[in-house]
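This document starts with one chain, in the form predicted on its own, laid out as structure tokens.
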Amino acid sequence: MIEVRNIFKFYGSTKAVNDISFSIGKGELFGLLGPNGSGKTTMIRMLTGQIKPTSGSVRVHGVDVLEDPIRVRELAGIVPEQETPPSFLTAEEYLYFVAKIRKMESYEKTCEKWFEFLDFGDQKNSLCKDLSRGTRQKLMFAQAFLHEPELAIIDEPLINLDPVIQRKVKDFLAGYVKNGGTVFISTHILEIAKQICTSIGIIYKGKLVYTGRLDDPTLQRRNFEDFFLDLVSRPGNSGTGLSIPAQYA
């Protein structure tokens, strides 16, 4: 569903993403973890065709992102880092707008389902500019899954959500993957990844320093937080992205 090969992204002389390669198969819930500023959001913007890599290739859902970024955004459900629904539309108008853009038919019931599921139906007639950050996050999550995509790409999926809605979203994502969907998330919150992901990548200063499955016996025997902190705080970490550190083998 996602294939990234030798991606670089430079901003001037700064390597925001430095020679990253990975692939994600159908039915995975992959979490890209890393401290703030490590390159997670830059990676998502390249996956969704919002920015172009300096070099390398990206295929999403079988589509070359460089050649057809609009097609990628048609196929995938996307929740960006910043929740920015149009301020002049109500929450309901925005979901209807998204449904029409995606050429959905009989979308009213689908929209109502999401208002009910995420418990913000009382805000559907409120202008987006007047919604709380948590409610805007609910709205952006709903629009991403409105067309029942096979792939979702989400930047910080649970940010600004209260514990009740967080649990609903985590349960939804688990069910979505169990039914054959694929999810790519980025987050700096380790507990989220530990609870919901099937596989992870750890990015640090633009380098992928680890990839693997969360059910790997080595990870199961170790403290996940200590493992992560060791990788992102080791001086001179070259970030091979290929193996467990020697002390954890």
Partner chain sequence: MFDIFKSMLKEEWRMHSNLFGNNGFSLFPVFIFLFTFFVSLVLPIFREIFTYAQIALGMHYFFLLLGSMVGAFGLMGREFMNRRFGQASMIAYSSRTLPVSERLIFANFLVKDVVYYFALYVLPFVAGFALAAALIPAGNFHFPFTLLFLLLTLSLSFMIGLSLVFFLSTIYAHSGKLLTLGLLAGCVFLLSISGNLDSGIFYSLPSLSFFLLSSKSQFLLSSGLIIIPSALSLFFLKVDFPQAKKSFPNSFSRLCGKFGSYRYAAFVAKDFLDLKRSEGGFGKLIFSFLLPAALIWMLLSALGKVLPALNILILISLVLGVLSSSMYNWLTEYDIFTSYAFFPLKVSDMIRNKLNSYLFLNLVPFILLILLTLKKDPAFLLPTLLLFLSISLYMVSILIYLTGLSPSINLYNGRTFAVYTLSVMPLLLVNVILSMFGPYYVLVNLLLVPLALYLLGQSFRKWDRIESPRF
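Numbering follows the first chain given and starts at 1. Just so it is clear, the model here is predicted, and its values are computed rather than measured.
FYI, the form predicted together with the partner chain isn't displayed, but the following is about it.
Looking at the partner chain in the model of the complex, residues Gly134, Ala152 and Ser186 place no heavy atom within 4.5 Å of it. Of the candidate stretches 173 to 181, 160 to 168, 85 to 93, 112 to 120, only 85 to 93 contains residues with a heavy atom within 4.5 Å of the partner chain in the model of the complex. Although the partner is absent here, Ile192 lies well away from the partner chain in the model of the complex, with no heavy atom inside 4.5 Å. Among heavy atoms of Thr41, none comes within 4.5 Å of the partner chain in the model of the complex. Asp130 belongs to the set of residues with a heavy atom inside 4.5 Å of the partner chain in the model of the complex. In the model of the complex, the partner chain lies farther than 4.5 Å from every heavy atom of Lys26. Heavy atoms closer than or equal to 4.5 Å to the partner chain in the model of the complex belong, across 118 to 143, to the residues Asn125, Ser126, Leu127, Lys129, Asp130, Met140, Gln143, ordered by sequence position.
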